[in-house]
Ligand code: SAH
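For reference, the chain that follows is the form predicted alone, supplied as structure tokens.
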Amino acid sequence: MRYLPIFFDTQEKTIVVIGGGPAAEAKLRTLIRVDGELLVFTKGPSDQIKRWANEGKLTIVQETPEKEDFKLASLIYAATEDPAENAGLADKAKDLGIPVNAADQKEDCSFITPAIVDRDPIVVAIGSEGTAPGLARSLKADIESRLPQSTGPLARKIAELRASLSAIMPDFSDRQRLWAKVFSSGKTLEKRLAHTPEEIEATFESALKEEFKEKAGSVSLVGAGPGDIELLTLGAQRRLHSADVIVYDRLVSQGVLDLGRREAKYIYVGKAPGNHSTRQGEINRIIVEKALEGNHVVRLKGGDPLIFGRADEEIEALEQAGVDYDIVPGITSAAAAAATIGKSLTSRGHNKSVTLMTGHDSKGFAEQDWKKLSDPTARAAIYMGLGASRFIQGRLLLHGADRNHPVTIVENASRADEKVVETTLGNLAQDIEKYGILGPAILLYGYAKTEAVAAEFLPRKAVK
């Protein structure tokens, strides 16, 4: 991120705009809404700029600005119709240390103005770092259509409620949690924004009463999906937004973690193959302990918590401790991997079932029904299979599986660094080493990548 978005306080500040034509008008359409004083330096103001001046929205100074005029300004907009003049004005402003924007001349700017959706006091700024203003305008139009005009009055009502809340709930984290509940409990954000100030006040009062009830915390076992935040469920997003404590594993992407509250406590309990840094018993202890302290705990697991996520052990620990819990399923990585290669996990006329299996269990390499899996039509999605690949390969070949039975390896399914390797059972272990597959990865046994789909729609790294 090259440009840091910052909301600048314009109250009792002077903003200087130099220019009186279309470029200046374009800047002023936004600036006339701010609280600061607007000085427009131009010898030839447009009719529109004159009308704004007559309405008291700005002051026209019909002369060329001098150095002393620049010193009055907190912000300067160089918006003449002459690029060379704009560049010279920008240089003068920079020499004085005053932030300057030169219209449509990114290289001369010390700041750039975003596309703005104004629902005062709610303001949404959309920037593209000057690379795609047309895209920013399209995004603005979309957000404009989603934010009702009532958003402003709603925000002002919330400001009143915040003032009263500070007196009865001094802890900042407690207040943040309460507001998260107000805006995430049961309804979509769009429906919340459509509420009247009176309705939002009633929701606030209800959440406040609930907050002061004496009760223990709770735990949400949440599936983080395979990594792409677009594959995260709305239920998962709501739990993250209201969590006090987030306990997460190695397979959870940073993009998903970024959706959690900044004030939440984040506890890493990752496990890597051959390096079990946090044992399951310790994880159980952490989530129970944090919930009994009165926190809403999100136990965030990559994929789906109910598929090789050891959720049953955590559920048992919560039930024994009398802690309330709920479960939010996630998109499992096998489904994401199948989508990547353009293959259905079950295909009419080919396989009536698919096996979800793990390469490891509590005793080591996991034994399976190898005879069934050796059938030519057998298909399986193998989790945690990299370290066990030679074991799986040997067992299947021993039970008569065809060495040419297809296997597609999908590493980091759905993520930007996703890698796809096509191989066969006979070459499985060797190709994992050859192509540097480190995981996390799904072994799609019995599946060959659909070439047309991968080539046209999946611009990701594929290795044969």
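Start at 1 and count along the sequence shown; that's the residue number. Source: prediction; values computed, not measured.
Absent from the display: the form predicted together with S-adenosyl-L-homocysteine (SAH). The rest refers to it.
S.K.: Using heavy atoms and a 4.5 Å limit, would one call residue 410 a contact residue for S-adenosyl-L-homocysteine (SAH) in the predicted complex?
M.R.: Yes, residue 410 sits close enough to S-adenosyl-L-homocysteine (SAH) in the predicted complex that at least one of its heavy atoms falls within 4.5 Å.
S.K.: I'd like to know whether residue 304 contacts S-adenosyl-L-homocysteine (SAH) in the predicted complex, with contact meaning heavy atoms within 4.5 angstroms.
M.R.: Yes, residue 304 is a contact residue.
S.K.: Applying a 4.5 Å heavy atom distance criterion, does residue 200 contact S-adenosyl-L-homocysteine (SAH) in the predicted complex?
M.R.: Output for residue 200 is no: heavy atoms all beyond 4.5 Å of S-adenosyl-L-homocysteine (SAH).
S.K.: At the 4.5 Å heavy atom threshold, is residue 179 in contact with S-adenosyl-L-homocysteine (SAH) in the predicted complex?
M.R.: Outside the cut-off, so no.
S.K.: For the three residues 226, 308 and 333, which mark the spot I'm curious about, does each lie within 4.5 Å of S-adenosyl-L-homocysteine (SAH) in the predicted complex through at least one heavy atom?
M.R.: The answer is yes: all three residues contact the partner (heavy atom, 4.5 Å cut-off).
S.K.: Looking at 27 to 35, 429 to 437, 411 to 419, 54 to 62, which lies within 4.5 angstroms of S-adenosyl-L-homocysteine (SAH) in the predicted complex, counting heavy atoms?
M.R.: It is the stretch 411 to 419.
S.K.: Just to confirm, with a 4.5 Å cut-off on non-hydrogen atoms, which of 384, 208, 155, 321 contacts S-adenosyl-L-homocysteine (SAH) in the predicted complex?
M.R.: Comparing distances to S-adenosyl-L-homocysteine (SAH) in the predicted complex, the residue within 4.5 Å is 384.
S.K.: Exactly one residue in 338, 251, 79, 291 has a non-hydrogen atom within 4.5 Å of S-adenosyl-L-homocysteine (SAH) in the predicted complex; which is it?
M.R.: Going through each option in turn, the one that passes is 251.
S.K.: Determine the residues of 417 to 445 with a heavy atom within 4.5 Å of S-adenosyl-L-homocysteine (SAH) in the predicted complex and present them in sequence order; the list may be empty.
M.R.: 440, 441, 442 sit within 4.5 Å of the partner.
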